[in-house]
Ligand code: LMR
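Quick heads-up: it's one chain on its own, the form predicted on its own, in structure tokens.
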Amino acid sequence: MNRFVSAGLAAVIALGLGAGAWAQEITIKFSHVVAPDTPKGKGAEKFKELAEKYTEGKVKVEVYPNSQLYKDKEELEALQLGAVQMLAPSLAKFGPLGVPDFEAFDLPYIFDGYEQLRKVTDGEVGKAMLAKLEDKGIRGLAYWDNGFKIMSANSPLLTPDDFLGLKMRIQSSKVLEAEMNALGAIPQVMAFSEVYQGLQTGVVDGTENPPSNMYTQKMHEVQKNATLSNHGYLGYAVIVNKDFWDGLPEDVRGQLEKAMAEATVYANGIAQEENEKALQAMKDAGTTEFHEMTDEEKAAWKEVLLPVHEQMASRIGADLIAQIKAATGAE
């Protein structure tokens, strides 16, 4: 904690120096927990490239992938205290922070593909959700896709009954906990950086991830089966320390906003392509058997999982869930 406090005090002192302090180069530490060759990793590098270009060297962006600086549970606190300036945590991370609204994105089968998703992330509902982070000392800048998740384990996962008793790794999310409980599995919260070892050693039996995460973390090497369920969405909010952001010169902040807008278009544009490539690469590796769901199988999964929406309404907000469904055109 001392390193966080020291860094936070340093950030506050720097912000208190006034506009003259910004004559020096501005450094943005952008920390994330996934590999550089994932959609998020490539998006971070694109932001670095554009930010340094548009600010003509006034800003230097240092990207730290693969939990080099902080693990899942540490990074938000580090951002709030100023030890890092920018993150792109998965949306599930904001529930434990006290903003459970974002757990709506974890609801199983809440989105039927990217078109419905965009109606929320690019619309008023998504903007209003980002605004709720302000009270936590966080400014939300953008939504970045990873993709739609698939289920994996060493045993086949064809029906809900196949999950009975399996220890399934999840992020810290009450919605994902309810999802696994609905399937009869045992949810196990585990840091993303520890999942491969957890699967390899049998601490957990399976997990859910978009193909790009599964492939870049080599989880296909320790998972014999996967089902292309596309049951849930995994996305990120690119966020920045609010005091740091508000303290930037207006022209620099505008240049960074331009860089972020373009990096967002880039990151979201490649997400689906990267997942398709990763899935094909894992199929080619031959270590995992991938199952395409039939309509009947998907209907059986939905019958078990859709009640999670109502179950989580008191936590997330029934009004918010209704707003999302109205925006997507879902019933």
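Remember, it's a predicted structure, so these values are computed and weren't measured experimentally. From 1 onward, residues are counted along the sequence shown.
The protein also exists as the form predicted in complex with (2S)-2-hydroxybutanedioic acid (LMR); that form is not presented, and the subsequent description refers to it.
Residue Val33 is the only one of Ala271, Val33, Ala44, Ala278 with a heavy atom lying within 4.5 Å of (2S)-2-hydroxybutanedioic acid (LMR) in the model of the complex. None of Gln223, Thr227, Gln171, Asn241 but one reaches within 4.5 angstroms of (2S)-2-hydroxybutanedioic acid (LMR) in the model of the complex through a heavy atom, and that residue is Gln171. If you check (2S)-2-hydroxybutanedioic acid (LMR) in the model of the complex, you find a heavy atom from every one of Lys93, Asn209 and Leu234 within 4.5 Å. Comment: 209-217 is the region of 156-164, 209-217, 246-254, 134-142 lying near (2S)-2-hydroxybutanedioic acid (LMR) in the model of the complex, near meaning a non-hydrogen atom within 4.5 Å. Using a 4.5 angstroms limit between non-hydrogen atoms, Asn146 touches (2S)-2-hydroxybutanedioic acid (LMR) in the model of the complex.
Of the heavy atoms in Tyr109, none are within 4.5 Å of (2S)-2-hydroxybutanedioic acid (LMR) in the model of the complex.
The shortest heavy atom separation between Glu74 and (2S)-2-hydroxybutanedioic acid (LMR) in the model of the complex exceeds 4.5 Å. Phe192 belongs to the set of residues with a heavy atom inside 4.5 Å of (2S)-2-hydroxybutanedioic acid (LMR) in the model of the complex.
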